[in-house]
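The data below hold one chain only, encoded as structure tokens and taken in the form predicted alone.
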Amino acid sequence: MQALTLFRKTSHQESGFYALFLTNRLQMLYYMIVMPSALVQPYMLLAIVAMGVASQLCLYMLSKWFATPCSAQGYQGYERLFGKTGIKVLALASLPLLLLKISFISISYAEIMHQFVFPSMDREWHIVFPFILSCYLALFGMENMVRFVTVVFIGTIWIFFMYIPYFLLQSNSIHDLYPLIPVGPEPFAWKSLLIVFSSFSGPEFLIAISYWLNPQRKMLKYLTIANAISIGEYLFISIASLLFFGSKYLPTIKYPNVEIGRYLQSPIFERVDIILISAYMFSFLYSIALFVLMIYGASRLLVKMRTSTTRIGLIVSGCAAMAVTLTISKWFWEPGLQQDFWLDLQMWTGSATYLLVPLLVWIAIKRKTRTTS
């Protein structure tokens, strides 16, 4: 088997825009499809702004990592900050989190494909085919994957312009967005706040690939722009869903973002929603490929592998992730209570990692600075 350098680095140019695109696309994965059904009252739109501000605090701590020399040194930088034992503990802890993330987004997207595009095909085939494509993408290496995010961003950001007609309907009224402030005592919506905060998670994984992002002190600017774009996109699609379905009917819709796409009309192509669902696949494939590369890298750190990376090593990592995903899909993911369990689990783990990982790194940087001064 030919030796590969999947994790080599050849470019040292500034890559702030790659960090911007990565942050935004990782934030706009599965939750953009289901979030409107969790924010069914107009005043809940303020939760997007509030959690966006909380997300900015996490990104601020994350930017401190990019401003340190350690972030540009790869493995040596992690070793200086956490020590050899600390790296192994972090690599071991990251594996189940990455597997959960991959399984959740893969099965969720497969379910959408199964429901709206190919209902006669088994759901598991909608998992196998994307995994094969993702492993093929991952074989191009981490550096090329980081650059490829530009194509993914351009190839998916246009989707939101397709929803502009829903703001121009004659039946719409500004009163549909009232009240923006609750007029009476409302039930504690902690779960809605948690799902919104979890929807902003994902940028914490940039810590694992900071070596290829050519870190710099201006990184906070790019992360802030990405976070602002994500807030705007979430507000845009949530308002469009609210105007179209209304506060009473919206809670009954499982995939508002996809369902309203079914009402789009075109003189050329009847099922515009199929084009939108296929375009969403771009982000899912890219994210799975990126996470498979991270699983392969974390596994190599755990077993102290010093040989060159190989295709078979990466494919084994991809097959292991696919096996876990298929097992969950086949025996532990059925509509109803089990599906809600996985959504809640991803909501809690996504929120926890987005808060704790930047905080852990920020504390480690402070501790390192204090001991060296």
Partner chain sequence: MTEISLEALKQRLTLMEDAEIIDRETTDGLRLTFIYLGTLIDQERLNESILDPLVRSFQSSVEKSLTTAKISSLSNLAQAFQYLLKGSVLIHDSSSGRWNAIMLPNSLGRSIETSETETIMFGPKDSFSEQLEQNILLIRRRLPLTALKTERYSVGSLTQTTVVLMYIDGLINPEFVAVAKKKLSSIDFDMFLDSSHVAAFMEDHYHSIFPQYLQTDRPDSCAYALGIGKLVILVNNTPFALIAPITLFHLFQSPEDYINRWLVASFLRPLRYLSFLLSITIIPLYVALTTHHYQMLPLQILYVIIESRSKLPLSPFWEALIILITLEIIKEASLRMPTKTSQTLGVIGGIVIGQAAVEAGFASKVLIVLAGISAISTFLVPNYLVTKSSLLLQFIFLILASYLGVPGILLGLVAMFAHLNGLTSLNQPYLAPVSPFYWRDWVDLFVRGPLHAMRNRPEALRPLNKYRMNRRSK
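Predicted model only: the values in this text are computed from it and were never measured. Numbering follows the first chain given and starts at 1.
The discussion below concerns the form predicted in complex with its partner chain, not included here.
Among F118, Y75, F167, F160, the residue placing a heavy atom within 4.5 Å of its partner chain in the predicted bound form is F118. Of the candidates S299, T224, N144, N172, N144 is the one whose heavy atoms come within 4.5 Å of its partner chain in the predicted bound form; the others do not. Within 4.5 Å of some heavy atom of its partner chain in the predicted bound form lies at least one heavy atom of I154. In the predicted bound form, none of the heavy atoms of T252 sits within 4.5 Å of a heavy atom of its partner chain. Using a 4.5 angstroms limit between non-hydrogen atoms, W190 is distant from its partner chain in the predicted bound form. By the criterion of a heavy atom within 4.5 Å, R271 is counted among the residues contacting its partner chain in the predicted bound form. Heavy atoms within 4.5 Å of its partner chain in the predicted bound form are found in exactly one of 81 to 89, 198 to 206, 229 to 237, 128 to 136, that being 128 to 136. For the marked spot (P267, I275 and F282), a heavy atom within 4.5 Å of its partner chain in the predicted bound form is present in each of the three residues.
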